[in-house]
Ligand SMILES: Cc1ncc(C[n+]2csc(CCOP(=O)(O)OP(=O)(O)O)c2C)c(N)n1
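Before any questions on how it binds or moves, here is one chain, the form predicted on its own, in structure tokens.
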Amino acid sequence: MSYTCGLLPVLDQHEDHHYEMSEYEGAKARWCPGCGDHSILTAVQRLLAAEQLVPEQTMMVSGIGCSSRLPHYMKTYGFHGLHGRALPVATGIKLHRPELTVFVTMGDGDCTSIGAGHWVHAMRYNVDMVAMMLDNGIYGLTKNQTSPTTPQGFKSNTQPYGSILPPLNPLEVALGITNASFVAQTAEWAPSHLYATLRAAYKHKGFSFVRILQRCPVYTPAIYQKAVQDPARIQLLVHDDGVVTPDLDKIYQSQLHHDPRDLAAARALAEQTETIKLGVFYRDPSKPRYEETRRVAPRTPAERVALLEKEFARYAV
């Protein structure tokens, strides 16, 4: 069963249709060969097929950047917004059309620099959606400028002698925001973990923030290369209420049993940067969701017109 704009129940013509993964494929992806975005796009399409999400009831929202091309490569509804503004757009969509499934794609600069204010309040509002921050540590689309997550000392066009400041830690920020309800980290070079993490984020009711470590083959190919080549540099956070990927046990033998309900432990883990930690850091589905606390009773089209006329009458001369 689905609903029209007037919230009247109508027969869903898709109820008996089984969607194949190929049915979510939009235009051919034009990212550089070797870009981690390709792996992320595949994981998203795989998730939609596994959950049998109806394309017409699924929304992909993005800002500006290489990662923000993702809606173009999905055969769903999409909104390619302004730099740093993906989250307020997605929030407006979800509040007005709560029956839609909303995914947001942002880059590290897109989310943590110009969009930082929106990021903080979107997490505080805790509206039900999946927000993916693709972090390659650089502004890639505009050709190699330092971003907030660029490693200290890394040379770029804007800081040719090396990044001056220590990089911002998105996990620490997210875990410090009031009413945060889901914070996770995964990597594009571990596709099974990436998929499992996105699926856990989708299943969570609330704002799911997923930082996806991603290599840029042109400007930052070496940032995560040591971790890719040496699995000992990666530690998996495992828990039945988080992410479990048995197929990776032989590759990533460093594993930590972490209860994602423990916020203090999650914050302590986020501060530890000696190894890259992949998994669900924090999850609390009991946090209040903004779309629930400000729910508006459904109105018929005639009632909406009457309310508009009443409002317009206030300004009549």
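Numbering starts at 1 and runs along the sequence shown. What you see is a predicted model, and the numbers here were worked out from it, not measured in a lab.
Beyond the structure shown, there is the form predicted together with the ligand, which is absent from this document and is the topic of what follows.
For the chain shown alone, Thr142 is a contact residue for the ligand in the predicted bound form, at least one non-hydrogen atom being within 4.5 angstroms. Among heavy atoms of Ile138, some come within 4.5 Å of the ligand in the predicted bound form.
Using a 4.5 Å cutoff between non-hydrogen atoms, His118 does not count as a contact of the ligand in the predicted bound form.
When the ligand is considered in the predicted bound form, His83 lines it closely, a heavy atom lying within 4.5 Å. This chain is drawn without the ligand; in the predicted bound form, the residue among Cys66, Met60, Leu48, Ile40 with a heavy atom within 4.5 Å of it is Cys66. Figure note: of the listed segments 102-110, 119-127, 169-177, 184-192, the one touching the ligand in the predicted bound form, with heavy atoms no more than 4.5 Å away, is 102-110.
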